[in-house]
Ligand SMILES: C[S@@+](CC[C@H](N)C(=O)[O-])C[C@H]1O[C@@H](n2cnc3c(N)ncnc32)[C@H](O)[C@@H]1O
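Okay, here we've got a single chain as structure tokens, the form predicted on its own, with questions on binding and movement later.
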Amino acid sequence: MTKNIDKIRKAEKASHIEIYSTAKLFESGSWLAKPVKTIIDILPLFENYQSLDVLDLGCGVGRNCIPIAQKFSNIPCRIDCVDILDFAIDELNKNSIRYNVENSVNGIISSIDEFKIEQNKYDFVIAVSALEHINSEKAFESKLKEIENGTKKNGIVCMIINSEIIEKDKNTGKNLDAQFEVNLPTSDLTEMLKKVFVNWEILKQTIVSQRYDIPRENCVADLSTNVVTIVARKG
């Protein structure tokens, strides 16, 4: 791993620990207040399933996986929840107990790079602002192919990926190095997704410009990005 990757991961660890330490899951006032609407909108597509296997890459403290476990508490539901931060997995485990879904939630401390996705294992794969933190563009594309191979027939993926990320010091306006390992042009990212998921049914695909503040080591950064969302079903 290069020094630059180390620096990026150190910065991301610090910012996420700060966020997770100051905001409680599902309490108003932060992005942890609610699960991602796109993910919740997908869940009715699994209502006739007798069991459900889910993979949540970059799960954090359970913002998305816990509502899934609650929704499918009446069937065998197993959610593999992967995050590089041991702090996040510790909080995830506490939250799964708090919301009575600990039997469904399997917390795994691992980088997404190192977590190997078994072939034909999952009905539903989600990755929200997570795949940008893979080591390199080559590893990123390889992980997309792992996701494609790891999804069962008729399974669904939901990926929300930042592109063309720019960070500036909020106080000075000075350009900062974007603290993301993969920062693709939006057109390149959409072309790569199209190539990997070429034979899939695209249920949703959007590109939305977003801007928000994010804590960094010595400042608050003003971050702008084009957020690419894709929901696709394997044929």
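Since the structure is predicted, the reported quantities are computational estimates derived from the model, not experimental observations. Residue numbers here begin at 1 and follow the sequence given.
One more form of this protein exists, namely the form predicted in complex with the named molecule; it is left out here, but the text below deals with it.
Here the marked residues 16, 20 and 130 all reach the named molecule in the predicted bound form, each with a heavy atom within 4.5 angstroms.
Heavy atoms within 4.5 Å of the named molecule in the predicted bound form are found in one stretch of 116 to 124, 70 to 78, 151 to 159, 83 to 91, which is 83 to 91. For the candidate set 100, 142, 110, 136, a heavy atom within 4.5 Å of the named molecule in the predicted bound form is found for exactly one residue, namely 110. Under a 4.5 angstroms non-hydrogen atom cutoff, the named molecule in the predicted bound form lacks residue 24 among its neighbouring residues. Of the heavy atoms in residue 55, none are within 4.5 Å of the named molecule in the predicted bound form. Proximity of residue 222 to the named molecule in the predicted bound form: non-hydrogen atoms within 4.5 Å are absent; the residue sits far from the partner. Among residues of the shown chain, residue 9 is one whose heavy atoms approach the named molecule to within 4.5 Å in the predicted bound form. Residues are counted as partner-facing when one of their heavy atoms sits within 4.5 Å of the named molecule in the predicted bound form; in 42 to 76 these are 58, 59, 60, 63, 64, in sequence order.
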